[in-house]
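One chain comes next, on its own, written as C-alpha cells: the form predicted on its own.
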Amino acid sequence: MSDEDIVNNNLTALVVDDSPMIRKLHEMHLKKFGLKVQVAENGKNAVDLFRCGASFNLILMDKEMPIMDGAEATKELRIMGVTSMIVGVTSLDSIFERQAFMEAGLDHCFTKPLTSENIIFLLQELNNKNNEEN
C-alpha cells in the first residue's frame, strides 16, 4: 500500500507531548497523511479537551509530561469512555515501563519520534476499525 492509498481527510488526531519539537514533528507527519491535527502540551490539557466535547480518531500520547503524565491521562480518558485509538510514544526503552504504559489503556506503544511507517500502520488500523464499525 502506498502513502497515497492511506491518505484520509476524514480522520482527526491529537498530539500530546511536552516537547514543542516532537509536537511539531508528529503534527507535520500526520498532516502529510491528510489528518486534521490538534496539539496539547500535557495530559491534563488533553483530558480537558475531551471534557469540553472534543473528539479525535487518534491520540498520540507522550508518557513523561508535567502536570499529568501520559499513563494518568490515558487512564482518565478510558474512564471517561473515550474509545479513540490511543498510541503511546516514549523515549523509554524499558520493557517494564512500556508495559505499565500499555496497561493504562493504550492500543499501541512506539518509540518516539514516530516514523512514516508507524503512522501508515496506525492509519491502516484506524481504517480497518472504521470499516468494521460501518
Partner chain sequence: MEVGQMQRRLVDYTKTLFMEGFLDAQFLQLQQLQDESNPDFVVEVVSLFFDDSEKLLNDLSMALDQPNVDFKKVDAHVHQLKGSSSSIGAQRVKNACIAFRNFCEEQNIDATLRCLQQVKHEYYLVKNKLETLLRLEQQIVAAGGSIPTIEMGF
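Bear in mind the structure is a predicted one, so any value in this text is a computation, not a measurement. Numbering follows the first chain given and starts at 1.
The discussion below concerns the form predicted in complex with the partner chain, not included here.
**Q** Which of 51-59, 35-43, 102-110, 86-94 has heavy atoms within 4.5 Å of the partner chain in the predicted complex?
**A** Stretch with heavy atoms near the partner: 86-94.
**Q** Does residue 67 reach the partner chain in the predicted complex if we count a contact as any heavy atom within 4.5 Å?
**A** No.
**Q** Please determine whether residue 126 contacts the partner chain in the predicted complex, using a 4.5 Å cut-off between heavy atoms.
**A** Residue 126 lies outside the contact set for the partner chain.
**Q** With the cut-off set at 4.5 Å between non-hydrogen atoms, does residue 12 touch the partner chain in the predicted complex?
**A** Because no heavy atom of residue 12 falls inside 4.5 Å of the partner chain in the predicted complex, the answer is no.
**Q** Although the partner chain is absent from this view, report whether residue 120 comes within 4.5 Å of it in the predicted complex, heavy atoms only.
**A** Judged by the heavy-atom cut-off of 4.5 Å, residue 120 is well away from the partner chain in the predicted complex.
**Q** Since the partner is left out here, which residues of 20-37 would have a heavy atom within 4.5 Å of the partner chain in the predicted complex?
**A** Stretch hits, in order: 20, 21, 22, 24, 25, 28, 29, 32.
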